[in-house]
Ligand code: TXA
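A single chain, nothing else alongside it, follows as structure tokens in the form predicted on its own.
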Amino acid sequence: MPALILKIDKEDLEESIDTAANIIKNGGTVVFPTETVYGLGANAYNADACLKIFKAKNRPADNPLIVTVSNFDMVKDVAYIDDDRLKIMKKVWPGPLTLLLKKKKIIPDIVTSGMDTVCVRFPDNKIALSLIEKSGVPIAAPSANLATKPSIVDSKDATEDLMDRVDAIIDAGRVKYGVESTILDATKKPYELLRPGAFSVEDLKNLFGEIKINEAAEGYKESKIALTPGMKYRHYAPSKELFLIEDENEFRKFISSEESKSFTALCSSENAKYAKCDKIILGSDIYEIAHNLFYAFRKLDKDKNKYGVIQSFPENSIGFGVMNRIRKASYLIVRKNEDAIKTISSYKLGQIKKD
């Protein structure tokens, strides 16, 4: 049965949220917006309902879910927190930061992939908060994309991907950030950055002091264990092979060469002028680029060219999260000081293997 499409406007807002909340209460699944990306939600206390999330996304069972809450009492219901952590939480939540905490027994093992920790998030989005509040329960809600595919930042893409896989989709247009939440392990000190995202590392350090950076955070490698989403599996990738050229001068040389004719370049407004190949312009500042990234990955998949090529961006602010997503989405990474034309040509001829 096709999903129910719930419109969000002044006339239908209240009724749509009530309908979605009733679906959650009755063990169903709802796609809803947050400030980062769209989430696919179910009652976090209902193991059978949460199993539907894994099935709808084709998600591996060892990849845990994030639990979203709408108030601090819910945080206390699902996880163990002390006064120090609570004080910090009240400074940053609601916001695009997920904390890994020790879980309470009320959270089913399916949500945490059998681990004793749970990812908790308090989103900064009125629709999301209203849905959680009216449902009366925390909502388990990973990003709504199919496993390995680009995250969903527009309700049109949610409808295209999930129409026959979920019970309802809240149609609320484009989201604010376009990159998922930052995930921080708060179970021990120093706190450890597990996944960069919309909440910057600079802000984390101002709040928490010393921050350890997990080796998987840059996006070059996967963790052997998925403590949280975005650590173990290749994520966020378009179906087409995407090549990342980390050196900006090499990127400019490549997109202005004959070799780039079978490519579509994903680039900044500044670098677009160098492209002799087709291009998708991501924007000028890093927040605009983040906002457009997954949208561009989906556009690339519909493009006529066989390959995509993308530049790197500065890794400060939200840029760290952007580069994590790009590296995880890339089929081949051309590192700094490598000749991009030679490397990509050799790869296409089968003379070198993917990293």
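Because the structure is predicted, anything quoted here is derived from the model rather than measured. Just count from 1 along the sequence shown to find any residue number.
Just so you know, the form predicted in complex with threonylcarbamoyladenylate exists too; it's not on screen, but the next bit is about it.
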query	finding
Val30, Val37, Ile310, Val322 - the one with a heavy atom within 4.5 Å of threonylcarbamoyladenylate in the predicted complex	Val37
Stretch in contact, per heavy atom within 4.5 angstroms of threonylcarbamoyladenylate in the predicted complex, of 297-305, 314-322, 64-72, 283-291	64-72
Heavy atom of Pro142 within 4.5 Å of threonylcarbamoyladenylate in the predicted complex	yes
4.5 Å heavy atom contact, Val118 and threonylcarbamoyladenylate in the predicted complex	yes
Heavy atom of Ser181 within 4.5 Å of threonylcarbamoyladenylate in the predicted complex	yes
Ser260, heavy atom within 4.5 angstroms of threonylcarbamoyladenylate in the predicted complex	no
